[in-house]
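A lone chain, given as structure tokens: the form predicted on its own.
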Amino acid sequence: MLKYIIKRIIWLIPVLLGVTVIVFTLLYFAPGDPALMALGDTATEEALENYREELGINGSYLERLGRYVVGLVQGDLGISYKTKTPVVSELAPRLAKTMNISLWSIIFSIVVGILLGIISAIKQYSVFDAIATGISLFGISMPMFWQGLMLIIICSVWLNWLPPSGYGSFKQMIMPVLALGVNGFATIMRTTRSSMLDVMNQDYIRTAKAKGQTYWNVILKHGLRNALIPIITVIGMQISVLLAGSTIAESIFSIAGVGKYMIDSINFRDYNAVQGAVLMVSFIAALINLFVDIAYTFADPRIKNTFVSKKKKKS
């Protein structure tokens, strides 16, 4: 198992390198000149060239890519064209805000999604099941930006319950967490319901009931545990979706996180900042996929036994 984890961590290197090349290539050929954006249309060609040389955005494609990769290996994400400060120092405080919102969103999604999914499965075709399924369909169908705008209109403009923007207080966190988490809990709820329905019809569930085990012990210990594999997979996917969706939520609610930083950098053609933000999100998403694979072994010991059996075969 340890060798598998080490192998997966090593595989992060080519994954991040591939992301670097793809994003760098897209930004290199994207229209717009950072020097022209910074100095304005009245700048002379000599001033523009000096500015490009100062920021290291002169030279051919391969030269610039090579310089960026060398700096990346040394932990340098480059200098922001807009602020002339290291991208790492600008991303660090913003990443904390993004991760905080994403963390509470995924907690909300997991708790509500699994709880509603279990109850819907054990009360199949009931009124509760119909209502929960309808809510999940609504959550999956409605885009995140629409949900965010509706929350602002209803909770801030009409009812004056919550502040429309900002970050820090509990009230300011409610709407971003809901906007991010509704789609996640709807997806997790549907997966939990489907997986639990498959498991609850198995022979070992009937055997556990026949042995006189308590109702919730059968549901949680035998039912939920054996239904966890697809649920864990969906949770891992939803965490990556939340990290990407934070770009929309932060823009709507004016939160100075990684997502809003990325949008502002794109508008300014600040390519180093854009690439640094994308790489940071990609690295976190890759780590999440690794944690999901490790979580499989705790949810289902049979998966862990496959690693043990491979070692025995080799020996």
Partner chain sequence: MAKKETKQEKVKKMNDPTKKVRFRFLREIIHRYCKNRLAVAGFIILILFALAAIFADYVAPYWYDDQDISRRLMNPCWEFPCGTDQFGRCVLSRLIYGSRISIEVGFVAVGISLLAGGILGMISAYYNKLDNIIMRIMDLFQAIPNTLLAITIAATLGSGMMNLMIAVGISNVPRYARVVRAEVLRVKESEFIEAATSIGASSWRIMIRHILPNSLSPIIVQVTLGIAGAIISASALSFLGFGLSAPIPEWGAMLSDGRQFIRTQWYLCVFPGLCIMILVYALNIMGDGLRDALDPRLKK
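Positions refer to the first chain, counted from 1. All values derive from a computational prediction rather than experimental measurement.
A second form of this protein, the form predicted together with the partner chain, is not displayed here; the remarks below concern that form.
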Using heavy atoms and a 4.5 Å cut-off, decide whether I122, V127 and G236 all contact the partner chain in the predicted bound form.
no
Should I22 be classed as touching the partner chain in the predicted bound form when contacts are defined as heavy atoms within 4.5 Å?
yes
R190 versus the partner chain, in the predicted bound form: is there a non-hydrogen atom within 4.5 Å?
yes
Taking 4.5 angstroms as the cut-off for heavy atoms, does N58 touch the partner chain in the predicted bound form?
no
Within a 4.5 Å heavy atom cut-off, is P86 in contact with the partner chain in the predicted bound form?
no
Among 153-161, 86-94, 112-120, 168-176, the stretch whose residues bring a heavy atom within 4.5 Å of the partner chain in the predicted bound form is 153-161
Heavy atom within 4.5 Å of the partner chain in the predicted bound form: which of L48, I248, L65, I288?
I248
For the stretch 271-286, I need every residue with any heavy atom inside 4.5 Å of the partner chain in the predicted bound form, listed N to C.
Y271, V278, V281, S282, A285
